[in-house]
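First, one chain by itself: the form predicted alone, in structure tokens.
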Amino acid sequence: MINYEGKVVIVTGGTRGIGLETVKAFKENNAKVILFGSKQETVSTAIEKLKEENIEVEGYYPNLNNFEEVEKTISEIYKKYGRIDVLINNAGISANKTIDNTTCEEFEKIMKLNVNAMFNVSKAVIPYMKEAKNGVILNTSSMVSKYGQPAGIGYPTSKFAVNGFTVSLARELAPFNIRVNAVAPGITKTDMVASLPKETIEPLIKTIPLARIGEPRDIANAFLFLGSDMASYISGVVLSVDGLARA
């Protein structure tokens, strides 16, 4: 168990899948957790679901592509708790269309949420971490950021950008004792993957040396470690959590 007692953790994209499991993991380790979702309904549903498991969290739904709105929300959180220790930029969307069938608007939408939103929330949080001379920013990358994928060009493009953002920001913020890392999940049992037919999943599993797809908790545990003092000398790393999966 890693003790996050007294620490404040923000998880964007925290209403389902990996994000929701990450919220649970940090709460189990005594953190004060605030989740961000895309809209009021999804945030309320996630909070109620967590309450059924006796997990109490707060939730907000700022437009992550609106810096002023994000900055206002982060300011409210800081005024309430006086600190922000860990930010997990997990909000994102995927894609699977070929480039011929992808519109410019669809490509831009992916880049806005997967890259611009990460920039906005990080930019809003960093002044408070600099003041404290301490903090951790963690980003959700993907195995396709290293190997690409046969369709859905916007998604791996955005995740390549996440990696560049992570490594560069780690260098920029190191003098302020702020660490920046990313986790690159492989195939993980999210709602989307769980709904795929067995004939689609089984061939994928055969490509993974550990012979299973990942669980959301596998990814959450990586965030839990990287956000802790156990990883105090780790920064600028994109950690693969993929069962040694390779494209």
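Being a predicted model, the structure only gives us computed values, none of them experimental. Heads up: residue numbers just count along the shown sequence, starting at 1.
Although it is not shown, the form predicted in complex with nicotinamide-adenine-dinucleotide (NAD) is what the next lines describe.
Task: Partner-contacting position among I178, L64, A222, V57 - heavy atom within 4.5 Å of nicotinamide-adenine-dinucleotide (NAD) in the predicted bound form - done: Here the answer is residue option L64.
- [ ] Answer with one of S44, S38, T207, N30: the residue that has a non-hydrogen atom within 4.5 Å of nicotinamide-adenine-dinucleotide (NAD) in the predicted bound form.
- [x] When nicotinamide-adenine-dinucleotide (NAD) is considered in the predicted bound form, the option within 4.5 Å is S38.
- [ ] Using heavy atoms and a 4.5 Å cut-off, decide whether S122, G164 and G236 all contact nicotinamide-adenine-dinucleotide (NAD) in the predicted bound form.
- [x] No, because S122, G164 and G236 lack any heavy atom that approaches nicotinamide-adenine-dinucleotide (NAD) to within 4.5 Å in the predicted bound form.
- [ ] With heavy atoms only and a cut-off of 4.5 Å, decide whether I84 touches nicotinamide-adenine-dinucleotide (NAD) in the predicted bound form.
- [x] No, I84 stays farther than 4.5 Å from nicotinamide-adenine-dinucleotide (NAD) in the predicted bound form.
Open item on the list: So, I201 and nicotinamide-adenine-dinucleotide (NAD): in the predicted bound form, are they within 4.5 Å at any heavy atom pair?
Closed with: I201: no contact with nicotinamide-adenine-dinucleotide (NAD) in the predicted bound form.
Open item on the list: Given that nicotinamide-adenine-dinucleotide (NAD) is not shown alongside this chain, does A151 nevertheless sit within 4.5 Å of it in the predicted bound form, heavy atom to heavy atom?
Closed with: No - in the predicted bound form, heavy atoms of A151 and nicotinamide-adenine-dinucleotide (NAD) never come within 4.5 Å of each other.
Task: Y128 within 4.5 Å of nicotinamide-adenine-dinucleotide (NAD) in the predicted bound form, heavy atoms - done: Looking in the predicted bound form, residue contacts with nicotinamide-adenine-dinucleotide (NAD) do not include Y128, since no heavy atom lies within 4.5 Å.
TODO: Name the stretch: of 86 to 94, 130 to 138, 164 to 172, 69 to 77, exactly one has residues whose heavy atoms fall within 4.5 Å of nicotinamide-adenine-dinucleotide (NAD) in the predicted bound form.
DONE: Within 4.5 Å of the partner lies stretch 86 to 94.
TODO: Output the sequence-ordered list of residues from 100 to 136 with at least one heavy atom within 4.5 Å of nicotinamide-adenine-dinucleotide (NAD) in the predicted bound form.
DONE: Read in sequence order, the lone residue that approaches nicotinamide-adenine-dinucleotide (NAD) (within 4.5 Å, in the predicted bound form) is L113.
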